[in-house]
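Quick setup: one chain, the form predicted on its own, written in structure tokens, and binding and motion questions come after.
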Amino acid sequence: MQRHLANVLSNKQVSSRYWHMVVDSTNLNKTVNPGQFFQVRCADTYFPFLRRPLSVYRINENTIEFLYLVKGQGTSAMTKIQAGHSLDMMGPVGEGFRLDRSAQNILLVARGVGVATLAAVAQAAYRQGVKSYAIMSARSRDDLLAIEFLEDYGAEVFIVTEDEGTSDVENVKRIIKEDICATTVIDAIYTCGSRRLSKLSQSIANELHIPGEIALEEHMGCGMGACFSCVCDIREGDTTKSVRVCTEGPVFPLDKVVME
């Protein structure tokens, strides 16, 4: 894992809980794929001690962008980083999404900060000429981010929120099956950010024989596979094995992940 000091171009609050950071990636010398993440040092102090994993939100020619939820002391410290500062980050880390070049239509199912991970998939799909259909779920409209970004990349977006009583699993299932899959051949499903919606995506993928992938979100201590704090279970044939999300993932085949 390589360490980089990237120049921060901007770091702005975009809603009550989310911030958006843009960093210069011209010296990265690494290909960054959707679904991969960076281990970010939150402040130039001993505390918070552990780095925080941030998935890549948007991948540009000379910049990369992060969309992050301010949830604890680490991400709160990150809001103090200003344009012109250096961001100490390690990566890119982990296995990213794989977008089949023969695909024509894909479905994205995201909730909360999971949209930050799947937005990069929509961006890559657009560049490949692939149409995206996106289910965006959140607590409220204030938490819904990247909608215009997704639409700019040709995605047809379906919004569901708790506040409006539309984010329950049965309604999302109806949208996917009746509003999308009934008229469109979906070639792959990608999901991130909600255990309930991930289980639904897995169920629909199995029922309709659609391949898919999931980016798992687990607490990562080291981000290098040493601490085993992010272990999850994967099916391999008739057996189940434990894997580390930070190194073997965070993206896994949707049908292999055990989601009990």
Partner chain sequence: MTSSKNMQVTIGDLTLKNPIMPASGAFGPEMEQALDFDRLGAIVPKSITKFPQPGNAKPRVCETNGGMINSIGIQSKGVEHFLSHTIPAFEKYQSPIIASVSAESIEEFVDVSATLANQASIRGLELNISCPNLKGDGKAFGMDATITRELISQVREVTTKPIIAKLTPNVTSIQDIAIAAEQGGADGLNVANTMLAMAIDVDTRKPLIGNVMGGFSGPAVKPIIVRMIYQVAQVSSLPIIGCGGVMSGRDAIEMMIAGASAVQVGTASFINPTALTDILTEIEEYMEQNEIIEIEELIGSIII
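Residue numbers count along the first chain shown, from 1. Keep in mind it's a predicted model, so treat the numbers as computed, not measured.
This protein has a second form, the form predicted together with the partner chain, left out of what is shown; the following refers to that one.
- Just one listed stretch, out of 226-234, 190-198, 60-68, 205-213, contacts the partner chain in the model of the complex at the 4.5 Å heavy atom level, and that stretch is 226-234.
- Interface residue remark: Met1 is counted as part of the site for the partner chain in the model of the complex, having a heavy atom within 4.5 Å.
- Residue contact check for Leu50: one or more of its heavy atoms lie within 4.5 Å of the partner chain in the model of the complex.
- The shortest heavy atom separation between Thr240 and the partner chain in the model of the complex exceeds 4.5 Å.
- The shortest heavy atom separation between Met90 and the partner chain in the model of the complex is within 4.5 Å.
- No residues of 105-144 lie near the partner chain in the model of the complex, the criterion being any heavy atom within 4.5 Å.
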